[in-house]
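There is one chain below, alone, in structure tokens, taken in the form predicted on its own.
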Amino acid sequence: MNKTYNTIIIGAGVAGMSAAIYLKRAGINFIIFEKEMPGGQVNRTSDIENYPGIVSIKGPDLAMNMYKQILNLGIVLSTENVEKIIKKGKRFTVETSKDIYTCKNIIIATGRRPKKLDVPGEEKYLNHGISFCAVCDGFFFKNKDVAVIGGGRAAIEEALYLSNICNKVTLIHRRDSFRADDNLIESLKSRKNVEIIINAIVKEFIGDETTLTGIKLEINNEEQIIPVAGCFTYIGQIPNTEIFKDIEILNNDNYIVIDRDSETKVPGIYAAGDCCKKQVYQIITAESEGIIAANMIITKENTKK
């Protein structure tokens, strides 16, 4: 059955939910699709301490607060998976795993996903010792030895989080410098149960038939095995934009290009959050982009009245 809306929002992370709140308050007819957990990557963040007005909050708590807010407004999330977008004149057809919809506007807020190392053993031990979310899975490694791979802010923050519940945390970084705030790095160095290994290349994940037991590294052309029960990887992100490759809104890195109004070069298609090419990837910028996209749609509708 064909269903028609003014706007379709794809993704219910902080960007998508922010857009939904503003569209709902303006009386715009829309539907929001989210195939996973509302909140997106925020659910994988332990402590958020750079959100203006909130001294500190857990990532999952912020996501749940936003989800409760949209539920209180009567907004219902559809769990359908969007598979294709087709432009037909001034309207769009959106095909999902369950139905076909038409709309005048689309807000893409599909976020990003963790990048993999693509080394032997990674696929075998994924979810059997290897994880991309310390907040989600750290508890399973309480009082055990774990490793964190990466040198950015996320890696440092999650290593700090794990140091509070694990016996030992080994931070593995392929370079000799870090991409994180100095205060975070100094805090990590001060933890007695944290070891930092730099200039190390991950060569292989090793273990038995079902369980990770160690990581093989190359350090100064020599191999070394680090015994661990778990490993958390934070080496970058990949935008979730594969399904949009046919509508010519992506750059060479598959990020969506938007203007100051959060609109792509295809009129009527907007984007917000971490799936977009931009300078700053933060919760507050994702929210603002979603709000800008929603307000542009609201303004267009009010102009027609």
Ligand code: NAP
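Residue numbers here begin at 1 and follow the sequence given. Everything quoted here is computed from the prediction, not taken from an experiment.
In what follows, reference is made to the form predicted in complex with this ligand, a form of this protein that is not presented.
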Would 84, 98 and 243 all count as contacting this ligand in the model of the complex, using a 4.5 Å heavy atom cut-off?
-> no
Contact flag, residue 22 vs this ligand in the model of the complex, heavy atom cut 4.5 Å = no
Any chance residue 234 has a heavy atom within 4.5 Å of this ligand in the model of the complex?
-> yes
With the partner left out of view, is residue 216 within 4.5 angstroms of this ligand in the model of the complex by any non-hydrogen atom?
-> no
Using 4.5 Å between non-hydrogen atoms, is residue 154 touching this ligand in the model of the complex?
-> yes
Of 185 to 193, 111 to 119, 218 to 226, 203 to 211, which is the one stretch near this ligand in the model of the complex, taking non-hydrogen atoms within 4.5 angstroms as near?
-> 111 to 119
Work out which of 104, 128, 179, 168 lies within 4.5 Å of this ligand in the model of the complex, going by heavy atoms.
-> 179
Could you spot which one of 65, 29, 50, 251 gets a heavy atom to within 4.5 Å of this ligand in the model of the complex?
-> 50
Checked 155 to 178 against this ligand in the model of the complex; residues with a heavy atom within 4.5 Å, sequence order, are 155, 157, 173, 174, 175
